[in-house]
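Listed next as structure tokens is one chain, alone, in the form predicted on its own.
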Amino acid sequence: MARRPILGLFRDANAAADAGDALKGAGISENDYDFLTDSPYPEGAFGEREEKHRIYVFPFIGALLGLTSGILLTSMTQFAYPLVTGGKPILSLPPMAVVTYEGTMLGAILFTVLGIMFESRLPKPKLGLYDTRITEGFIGVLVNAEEDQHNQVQELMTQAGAVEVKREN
């Protein structure tokens, strides 16, 4: 059977939290429902699961790639066009350090931006089930459930104080 979304709209944050508790008590997995708000509530305000993220990995990968690119660019350039000046070595470390540092920072910054977009799941071409009243202060509880569970989910949300419960057409 197909999983389809169902959205409950709440005026009060406590009612939305009660709906989350009721869904958890009914055996619906925490991965199957999410809270949609227009304002930034603290992490765990609705009793939801803690989101795992890997944003810290992206700058390290970018810095490593930038460092490698900087070293390869400067050393390969100096070997491709060897210019021996007064018996000095072909590879000169002070100029290499500047280019390598800049490459490292550029890689870290670019990969951080890409990591933020990736972890935020942007861009999201298909929005899915949504109500514009969420941007006006309502709190949405979005549940992905089997179709045979929709009546139970709708009843739980209504009992928790949902103003309206919407289903995908």
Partner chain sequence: MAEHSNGRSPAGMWVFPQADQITAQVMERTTRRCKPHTIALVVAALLAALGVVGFLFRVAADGLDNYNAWGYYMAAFSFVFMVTSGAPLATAAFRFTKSHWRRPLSRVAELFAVVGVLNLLLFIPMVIVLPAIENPTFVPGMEGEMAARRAIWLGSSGVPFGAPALWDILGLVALAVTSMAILWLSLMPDLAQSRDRVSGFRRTIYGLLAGSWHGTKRQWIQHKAGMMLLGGFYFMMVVFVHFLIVSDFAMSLIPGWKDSILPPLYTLIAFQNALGLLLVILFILRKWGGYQEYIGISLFWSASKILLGLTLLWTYHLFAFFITFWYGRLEVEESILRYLMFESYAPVFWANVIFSFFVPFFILLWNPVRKTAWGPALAGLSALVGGFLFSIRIFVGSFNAVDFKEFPGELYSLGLTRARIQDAVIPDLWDIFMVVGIIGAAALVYLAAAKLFPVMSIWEVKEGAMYQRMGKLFRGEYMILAKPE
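Numbering follows the first chain given and starts at 1. A quick note: this is a predicted structure, and the numbers were derived from the prediction, not measured.
The following text describes the form predicted together with the partner chain, which does not appear among the structures shown.
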When the contact criterion is heavy atoms within 4.5 Å, does L106 count as touching the partner chain in the predicted complex? yes
Find out whether any non-hydrogen atom of L129 is located within 4.5 angstroms of the partner chain in the predicted complex, and reply yes or no. yes
Look up in the predicted complex whether S29 has a non-hydrogen atom within 4.5 angstroms of the partner chain, and give yes or no. no
Spell out, yes or no, whether the shortest heavy atom distance between T68 and the partner chain in the predicted complex is within 4.5 Å. no
For the stretch 7-26, I need every residue with any heavy atom inside 4.5 Å of the partner chain in the predicted complex, listed N to C. none
